[in-house]
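Take a look at this single chain, the form predicted alone, given in structure tokens.
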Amino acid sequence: MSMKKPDHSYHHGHLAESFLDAVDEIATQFGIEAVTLRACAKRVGVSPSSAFRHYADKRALLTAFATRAINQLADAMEQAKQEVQGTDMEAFHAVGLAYVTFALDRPAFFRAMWREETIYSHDERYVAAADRLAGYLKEGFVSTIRDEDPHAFSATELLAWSSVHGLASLFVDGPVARDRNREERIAIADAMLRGLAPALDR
């Protein structure tokens, strides 16, 4: 009598992505320091050797995780810009809110993006993702504020990014609104963005 094979949570050809999902789960629950290839393999339901076939070491795994995080943040910002085109909603406000909401909803991803001490920061795919996001920010915050040079950060662009990223960081790891729920934090972000808009000379 044959035994039934375990019903793994991944499909053939998508094991590498399943490991990244496991990183998200472990990092969200226990912190990024708790992530190991063996722990991810156990969570996915495969042998540790399967993990090493996809990622040479923990640093390579976290590099792939950070790369995915940056691309997903860039996607969220671009989608927010597209969704308000042709409406009365301020485009910068929508993009900024998408940035903060991404951090609130995916704190493990948000924390992992710029932790160069834990990743291979010269990895080709990571660099491409970082360049893509930087391009959005240098080009007037996804073309929502005035941009004089698409290849460099202006003072206005730095003000916008510093404010939005700073608030997101304060929500995720800082002392701001720790006792507030998601909707209340988004309301705080909404008010900050409305207050910031005049300073951006829009």
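We call the rigid core the largest set of C-alpha positions that still match within 1.5 Å between the two forms. Model, not experiment: these values are computed from the prediction. So that there is no doubt, residue numbering starts at 1 and follows the sequence shown.
Although it is not shown, the form predicted in complex with a further copy of the same chain is what the next lines describe.
None of the heavy atoms of residue 46 is located within 4.5 Å of a further copy of the same chain in the model of the complex. a further copy of the same chain in the model of the complex comes within 4.5 Å of a heavy atom belonging to residue 161. Taking non-hydrogen atoms only, residue 178 approaches a further copy of the same chain to within 4.5 angstroms in the model of the complex.
Residue contact with a further copy of the same chain in the model of the complex: residue 39 places no heavy atom within 4.5 Å of it. The three residues 15, 50 and 124 each lack any heavy atom within 4.5 Å of a further copy of the same chain in the model of the complex. Taking a further copy of the same chain as it sits in the model of the complex, the stretch 156-192 comes within 4.5 angstroms of it through a non-hydrogen atom at 158, 159, 161, 162, 163, 165, 166, 167, 169, 170, 172, 173, 174, 175, 176, 178, 188, 191, 192. A displacement of 2 angstroms or greater separates the C-alpha positions of residue 120 between the shown form and the other one, with the rigid core held in common.
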